[in-house]
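A single chain comes next, written as structure tokens; it is the form predicted alone.
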């Protein structure tokens, strides 16, 4: 583990999970990723989805939540707060949920717009006195840097925070960390992603974050765009968003893990907002020199049939389970997807 990671002097060897103690999970944010997260959690035995929050309210039920009921309510009425009998309308839904719910770990399926938003949510958890595991799927290097600044506060608060644990950063970053082991020296890491969605409105926040990476746009401009303006831009591009040399946290995560300097990590891709079929196969290429002096490239390619939601939410919960294992051993602080192996959630 990197030097910036802290541990408690009171460590045990307790392993997670037990078949008798499912991990109580909450989901913050209930847009496309939040709804997908609910569906992914539903059939699992080692977790129980008990809480969720959106901008206008939250829902909490220790016995577990039904994803179909929650999604129907959210889409028809605009907030989980309207869900009877456990929904609560609130203008400070995250803060209220933290204090009301008994949750072991949260997946922060929140839009990081503005770029400081996720760090502000993390500070809410720190101030509240809550202890447990938090997982995000942050994209931008600068957003992860903000999390690094909270390292000591996470440790003092008893929070194990897993950052950059989606697809990229996340699954592909971890794959690059493993692939690097074949080499004595890493020359470069190139991540290329293809995303296909039938309707951009199902992932409005994610698409806005992608637009923020386009030439002539930034986070502030993308955040301020109305839905009509987004649709007009997508009409101009025939629904395609092409991205190159993105500010993506895979670079700082691989650098922190001691694998390669961030200037040798490149991320780009294509998002088709009108077709569920991927416009290209998502992959990571790791090029390096072996100890024998040979130059070679490892390529790890994701199956085209796996959706963005599957490749983001699946790893996020794998890292949440790994974070719970660390937390039970008294290990707190900030970890990235390149530093800890995820644990498969059954």
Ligand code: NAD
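Note that this is a predicted model, so its numbers are computed, not measured. Numbering follows the first chain given and starts at 1.
This protein has a second form, the form predicted together with this ligand, left out of what is shown; the following refers to that one.
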item: Among 60 to 68, 304 to 312, 42 to 50, 273 to 281, the region lying within 4.5 Å of this ligand in the model of the complex by heavy atom distance; value: 304 to 312
item: Answer option from 155, 86, 73, 93, heavy atom within 4.5 Å of this ligand in the model of the complex; value: 93
item: Listed residue (138, 134, 191, 174) with a non-hydrogen atom within 4.5 angstroms of this ligand in the model of the complex; value: 138
item: Non-hydrogen atom within 4.5 Å of this ligand in the model of the complex for each of 146, 255 and 336; value: no
item: Distance check, residue 288 to this ligand in the model of the complex, heavy atom within 4.5 Å; value: no
item: Interface membership of residue 111, this ligand in the model of the complex, 4.5 Å heavy atom rule; value: yes
item: 4.5 Å heavy atom contact, residue 55 and this ligand in the model of the complex; value: yes
item: Contact label in the model of the complex: residue 168 to this ligand, heavy atom within 4.5 Å; value: yes
item: Partner contacts in the model of the complex for 194 to 223 (non-hydrogen atom within 4.5 angstroms of this ligand); value: 202, 203, 204, 205, 206, 209
